[in-house]
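Shown next as structure tokens: one chain only, the form predicted on its own.
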């Protein structure tokens, strides 16, 4: 690997450190535990890394074969605004993920799993830092009408409920959310980063390789514990059963699918060379990959339930259970995990607010559909604000008061009255270097 390393200007770097101290107070524990859990891995570093020697010509779109943009000023204003929105959204997801994970991090039942998630959070902080570096080192004022300080301040001030993508506005209810989120939602991140690796804006493309390398660990932080859980459940553990995992899958799979954007969109990204594939194509590849993840978990469950079962035998047994939906060798189809239908519980995109069940069944009665959701979603999620807001918007769509496409845009945000620290109401992250005593936290 041949990379360059850079830091934000002093005031912005300090702002990110203050943000870290506020939303990631366990960072010190990660540092103290690093040698125990990751003895051969380099410690996290708060910096921006760029890959050297990458392709210097546009790889897709109308300008394919031409030199990539090195500065924002080189591209048309409309494209610059579009690219800024992409970088802002990426930064929002990185910082937003940390805010979500912090809610239930302390509920981990296993220290290793907890530290793995902490390492993932430290990586997300660096990824957010990387996006801020893109906005600070170049001049985006013509596209945004704002200076670097305002852009950094705005991004660091976003809280759960106000993030660009809906998946990052959903509260975690238990540490199971932490793990399943890594396995499912960070997998979307892998697709997004891989697509942006060919960006026509060279600094963006050069930022992706190291982020992708770090993203690989994030997926492992989700998939490996899930594998352990299904095997323990097969051996009789009642701590985390497949029924619980199924409900958490139902909570997150729809949000992951929505992160790719409307299935009819993505043409501008391809045309301008920012991504090589449209939304629907990337979403389909993601959904197929989720199917393979669920299949792997089910095979591990079967082989743990029936010790000595060869892989080929387990695959044949799984195929019969899925085809016949019956039972065999003491195992019922209902015990296994199922990938929710791609249109289930969607509030954005083509299937928005269609009353589609977990397995793709269609509902025409609102009450019956809501009872179905209550059966297949986690009880703790049903009691929260996100589900309540969904039902309110669904009612308006069912009554014909609101078109499905407009319902998501009008979904209310969950405004916080406090953060990780209960005494806080607001935080100003960027302070004048000439007046460092202006504070880290202002009430």
Partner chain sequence: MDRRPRVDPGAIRGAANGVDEPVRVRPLDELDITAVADIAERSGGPRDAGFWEDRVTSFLRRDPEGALIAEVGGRAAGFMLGEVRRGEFGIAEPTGWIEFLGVDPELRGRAVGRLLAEALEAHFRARGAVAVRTLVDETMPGVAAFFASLGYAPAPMRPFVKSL
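Keep in mind it's a predicted model, so treat the numbers as computed, not measured. Numbering follows the first chain given and starts at 1.
Form predicted together with its partner chain: not shown, discussed below.
Enquirer: Exactly one stretch in 36-44, 393-401, 377-385, 60-68 has heavy atoms within 4.5 Å of its partner chain in the predicted complex; which is it?
Expert: After filtering at 4.5 Å, what remains is 36-44.
Enquirer: Which listed residue (194, 242, 105, 321) meets the criterion of a heavy atom within 4.5 Å of its partner chain in the predicted complex?
Expert: Contact check passes for 194.
Enquirer: Among 338, 303, 372, 346, which has any heavy atom within 4.5 Å of its partner chain in the predicted complex?
Expert: In short, 303.
Enquirer: Quick check: do 227, 289 and 296 each get a heavy atom within 4.5 Å of its partner chain in the predicted complex?
Expert: Answer is yes for this spot.
Enquirer: Within a 4.5 Å heavy atom cut-off, is residue 363 in contact with its partner chain in the predicted complex?
Expert: No.
Enquirer: Would you please decide whether residue 202 lies within 4.5 angstroms of its partner chain in the predicted complex, comparing each non-hydrogen atom pair?
Expert: No, no contact at 4.5 Å.
Enquirer: Looking at the partner-bound form in the predicted complex, is residue 285 within 4.5 Å of its partner chain by any heavy atom?
Expert: Because a heavy atom of residue 285 falls inside 4.5 Å of its partner chain in the predicted complex, the answer is yes.
Enquirer: Should residue 220 be classed as touching its partner chain in the predicted complex when contacts are defined as heavy atoms within 4.5 Å?
Expert: Yes, residue 220 lies within 4.5 Å of its partner chain in the predicted complex.
Enquirer: Where, within 178-193, is there a heavy atom within 4.5 Å of its partner chain in the predicted complex? Residue list please.
Expert: Contacts from 178-193: 187, 190, 191.
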